[in-house]
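Only one chain is given next, in C-alpha cells, and it is the form predicted on its own.
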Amino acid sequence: MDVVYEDEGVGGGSFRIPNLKNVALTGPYMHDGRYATLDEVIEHYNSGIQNTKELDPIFKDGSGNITRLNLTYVEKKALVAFLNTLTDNTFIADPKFSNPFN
C-alpha cells in the first residue's frame, strides 16, 4: 500500500511513497528522477541535504538545524547491500509481469 504525504511544496501537491520491494530495480530515484543509483540517494541524505524553507521538518532537529545521516563509507555500502536484499527475484522472473511489448 502506498502512503501519501501532503506537502506545502511547489504546486501544493502530494507524493505517493512506494514501498521498498525491488527498490534496487526502480531507478532513477527521487520524485524528479535526479539520482540514477541508490548510492547517490544515500549520499544525498548523508551529506547533501540543503536547508530551504520547503525542507520537511523531519530533516531538522529541535533547533532547526539539518539532520543528516552522517554515515561512514562502510555504513553506506551496508545500507545499499540491505536495500538490494529487498529484490524479489521470483517476482521479477515471473512471465506474468514481463514487458508486454517484447
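Note that residue numbering follows the sequence shown and begins at 1. Note that the coordinates shown come from a computational prediction; the quantities given were computed from them, not determined experimentally. Only the largest set of C-alpha atoms that superpose within 1.5 Å between the two forms is called the rigid core.
Keep in mind that the form predicted together with a small molecule is missing from the display, and what follows is about it.
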property: 4.5 Å heavy atom contact, residue 53 and the small molecule in the model of the complex; result: no
property: In the model of the complex, residue 78 touching the small molecule (heavy atom, 4.5 Å); result: no
property: Residue contact check: residue 58 to the small molecule in the model of the complex, 4.5 Å heavy atom; result: yes
property: Heavy atom of residue 26 within 4.5 Å of the small molecule in the model of the complex; result: yes
property: Residue 32 C-alpha moves between this form and the one not shown by 2 Å or more, core aligned; result: no
property: Per-residue C-alpha change between this form and the one not shown, residue 58, threshold 2 Å, rigid core fit; result: yes
